[in-house]
Structures are given as C-alpha cells and as structure tokens.
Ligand SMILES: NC(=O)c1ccc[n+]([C@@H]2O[C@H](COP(=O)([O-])OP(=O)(O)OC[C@H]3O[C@@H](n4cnc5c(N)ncnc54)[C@H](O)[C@@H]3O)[C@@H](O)[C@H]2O)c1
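Quick setup: one chain, the form predicted on its own, written in structure tokens, and binding and motion questions come after.
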C-alpha cells in the first residue's frame, strides 16, 4: 500500500485546532481539521507543519506527533518533497503557495477556501495545477458530506422530478463564507456550467469604481446554470440553510446539514390543478467526517490517476459567482455573462 507524505502550510484553526471548537456542534463531524483528518487516513503520513510563527507550527507538531516544524513553507516543501500539500493560510497567500507547491513536485493539493482573491490568480493556479496533473480539492466540505451526497443522488435519480432551483438562505462574505454555499449549490445541481449572474452588493459603503476592495463583500442575487437550474442567493438571517426544489418535490436542508426535510408534490384537488407538498421521510444515512472523505478522495485520485470530486475548475466557479454578483452591481444591476471577461478585480478574504 502506498503511503503518501503530507505537509501543512499554516498552523491556524483549520490546520489543527478547530476540532476543539466544534466538539459539541452537531453540524461538524470530527475529525474536522486538516491534521486530524490526515491522522485518520492510514494511507497518509503527515510529516511537517510550517508557519511564519514557528511556535504555532511547533505546537501543532507536538499535538499531532509530527516529525518537523518550519518557519518557511518553501523550505519545508523543498526539503520534505511531499506528495500532498495542505494550504491553510489566509486566502491572500493561497495563489503563491499553490504555485510554489505545484512547481516543486506536489502531486495533490488540499487548499482551504476561499480559493484566492481574484479570477486572474485563479487562472494562474488552474494553469499550474492542470499542466502538472495535480489532484486538487478545496475546503468547501459540504461537497463531501454524506447527507449532501444522498440528496445529490436523489436529484440524479429524478426523485424530485426535474431540478428547478437551488437556494441558499444566507451569503455572508462571498469568498470566505459563501464559497461553501456556492459550491454546494453547484454540486446539488450536477456541477453545471455557468451562464449568467445578476445581483447586488449588500455591504454598506460599497464603491463600485475601484478595481480592488479590501474586505470580503456580501451580496444577493441569482445565477443561471446551463442546465436551466436557477441558483438563488438570499440574505434572510437563516445561517447555513439551503433548499433543492424540483418539479415533483423539494428538500430543505436545515441547521447546517444536520436535518433534511423532504416533501413530495401531490394533487390536492383532482381536476382543479391544486397541489400540495406532503412530508416524506428523507433517506437514512450515516454521517461521517467530510474532511476524511475529502482526503480519501485525493488518495483515490492519486492511486488511480483519476479525478477528484471537485478539482480546481469547479472551485473556480465559486469565485465566478462571487465576482459575477459584484460586476453586476458595478453595472447597475445588469445581467453579466459568465465566465467573466474581467479577471483582474481583487477582493480581500481571510
């Protein structure tokens, strides 16, 4: 059995300590952090951490029984020659770290969200990853959650009829928080291509003139996928709740994926066209760690030289949606075609 060597760039929450925060939070199935996830996958050996704050890297080194800690991630990658590189730094550093890892022999990359801060950077990352056949996933973990997979299978089988819409009831920062939500919408809709976006930036004080914004903007709007499914981005105060709506049924995803409510469309009054949606049991499933499933996805892709569940191009689509909403607002709410032609707009995300 091949044992893949992994390293982690960054020694913050998602690298190895967030597990402590979510012990009593039902929506997060442990292990949740990158380091804890690697520890649970027999095919992977975590060999080093790097952080510009060396003490943080050494703390995680001790916690997870890892051989080495570095202050410079470049030195770590050059010395350790890892198969898998995890990147858990702020998004402002993701592009440079992905490019360096790709150029120095990484075979797989697990990059936290947001992917990066501009579509131009995303294009550079895509070229570096695809030209070297690097297996790639981002930390939009709902794509690997068993409940979401169960719903995706239902959609694929036609259990909801023809899928018509996917909805997120909250957005938040469109790179950091909403990348989770946008990726889930794409996954449930069958990973279609994007046609257009139309929306409004809701962040107070937004100025549409500059080509750079030093905060993660929030917004509302709609996106049309090329398979006809509409994606609705709402701001309702219902955090991490979603819906998939088809011609014959609908599923509400509640409490950040803990609860699923299925209703099937039925005729209420024969001959009158009246219908109602009747509660129906959602299929049973066993919840397991999406972090572990994401890492196992990378391992399988390495073993078989296959594709991961996500890949970098699907990750880039979350940015296309975010920047599409911004560009629509900058054009007075006009519908903008996706993918965007303007790739240089830059927005901060942590």
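Nothing here was measured: the structure is a model prediction, and the numbers come from that model. Positions refer to the first chain, counted from 1.
Another form exists, predicted together with this ligand; not displayed. Remarks below refer to it.
Site annotation in the predicted complex: the residue of 139, 82, 219, 257 reaching within 4.5 Å of this ligand with a heavy atom is 139.
Distance criterion of 4.5 Å from any heavy atom to this ligand in the predicted complex singles out 89 from the list 126, 89, 198, 170. In the predicted complex, at least one heavy atom of residue 93 sits within 4.5 Å of this ligand. For residue 180, a non-hydrogen atom is located within 4.5 Å of this ligand in the predicted complex, even though that partner is not displayed. Contact check for residue 340: no non-hydrogen atom falls within 4.5 Å of this ligand in the predicted complex.
Interface membership of residue 326, defined by any non-hydrogen atom within 4.5 Å of this ligand in the predicted complex, is ruled out. Every residue of the trio 13, 18 and 113 has some heavy atom no more than 4.5 Å from this ligand in the predicted complex. Just one listed stretch, out of 278 to 286, 52 to 60, 318 to 326, 300 to 308, contacts this ligand in the predicted complex at the 4.5 Å heavy atom level, and that stretch is 52 to 60. Contacts to this ligand in the predicted complex (heavy atom within 4.5 Å) from stretch 61 to 87: 73 only.
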